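One chain comes next, on its own, written out as structure tokens in the form predicted alone.
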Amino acid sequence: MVATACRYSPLLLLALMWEAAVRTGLISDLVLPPFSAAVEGWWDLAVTGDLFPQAFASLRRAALGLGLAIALGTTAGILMAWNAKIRVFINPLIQMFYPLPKSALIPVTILWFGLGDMSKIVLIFIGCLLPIVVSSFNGARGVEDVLVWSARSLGASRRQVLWQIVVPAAMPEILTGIRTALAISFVLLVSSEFIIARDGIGFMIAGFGEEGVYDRMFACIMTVVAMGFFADRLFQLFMRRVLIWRE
């Protein structure tokens, strides 16, 4: 318990510094409300019932986009490493689209999918797909040849080698890529909701910012930060559970 408190003490220190900087006039409250005001704004949004439905709408979009990216990305990455023909076909596409800032695709998703949920889900899917494909490919390619040779010498079929040797051995790299994609999903979610949403946390941040209600705007920003933080913590627990065999 003490160790956990010490680990997260910098967050408390940041909150205190934020409050002190505004209260002492070091930073104008016209551009940054006190931390206590942001907390009060968060409580008001939670009590009125506006916050949690909007947060749920955002999480649903992120989960759908990320889930599709995990399903397709891991499959594509492993097949690229396992089959040279698939690698020759997919690799140029990965090299072309990987450096592209995914937020640049927002106008394209609006044009193709409109202003509804689909445009946000597709954007998150595309942004999360590539790091998962790359990590899955690197993980599968990095499996030691001696493991594959040993399995084949014992009579394992090609499919058995893939599912019983390659996929488990590549799992640490795959999960690392998924964790990276998890962070990207929140970035793209908020970016897309700024522009092409009628609800969601990003929509609330943009709306409160335009109205000058900065305490509630920062309350929504804090909500996004908390959502991303706890999602990452939960995924790390899942990773440790899945990779317990490494210990």
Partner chain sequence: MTSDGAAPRVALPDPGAVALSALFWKVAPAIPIVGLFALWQILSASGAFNPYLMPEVPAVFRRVALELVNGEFLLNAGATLYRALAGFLIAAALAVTIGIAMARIRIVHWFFDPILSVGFPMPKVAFLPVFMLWFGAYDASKITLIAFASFFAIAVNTVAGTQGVDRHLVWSARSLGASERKILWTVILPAALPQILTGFQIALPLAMIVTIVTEMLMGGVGLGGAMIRAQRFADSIGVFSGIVQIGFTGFVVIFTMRWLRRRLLSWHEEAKR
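Positions refer to the first chain, counted from 1. Since this is a predicted model, take the numbers as computed values, not measurements.
One more form of this protein should be noted, the form predicted in complex with the partner chain, which is absent from this view; the next part is about it.
Would Q54 count as a contact of the partner chain in the model of the complex, using a 4.5 angstroms cut-off between non-hydrogen atoms? No, no contact at 4.5 Å.
Residue contact check: L100 to the partner chain in the model of the complex, 4.5 Å heavy atom: Yes, contact at 4.5 Å.
Distance check, L188 to the partner chain in the model of the complex, heavy atom within 4.5 Å: Looking in the model of the complex, residue contacts with the partner chain include L188, since a heavy atom lies within 4.5 Å.
According to a 4.5 angstroms non-hydrogen atom cut-off, is A37 in contact with the partner chain in the model of the complex? No, A37 stays farther than 4.5 Å from the partner chain in the model of the complex.
Triple contact flag V31, F218 and V225 to the partner chain in the model of the complex, non-hydrogen atom at 4.5 angstroms: Heavy-atom distance to the partner chain in the model of the complex: all three under 4.5 Å.
At a 4.5 angstroms cut-off on non-hydrogen atoms, which residues of 76 to 91 are near the partner chain in the model of the complex? List them in order. In sequence order, K85, V88, F89 come within 4.5 Å of the partner.
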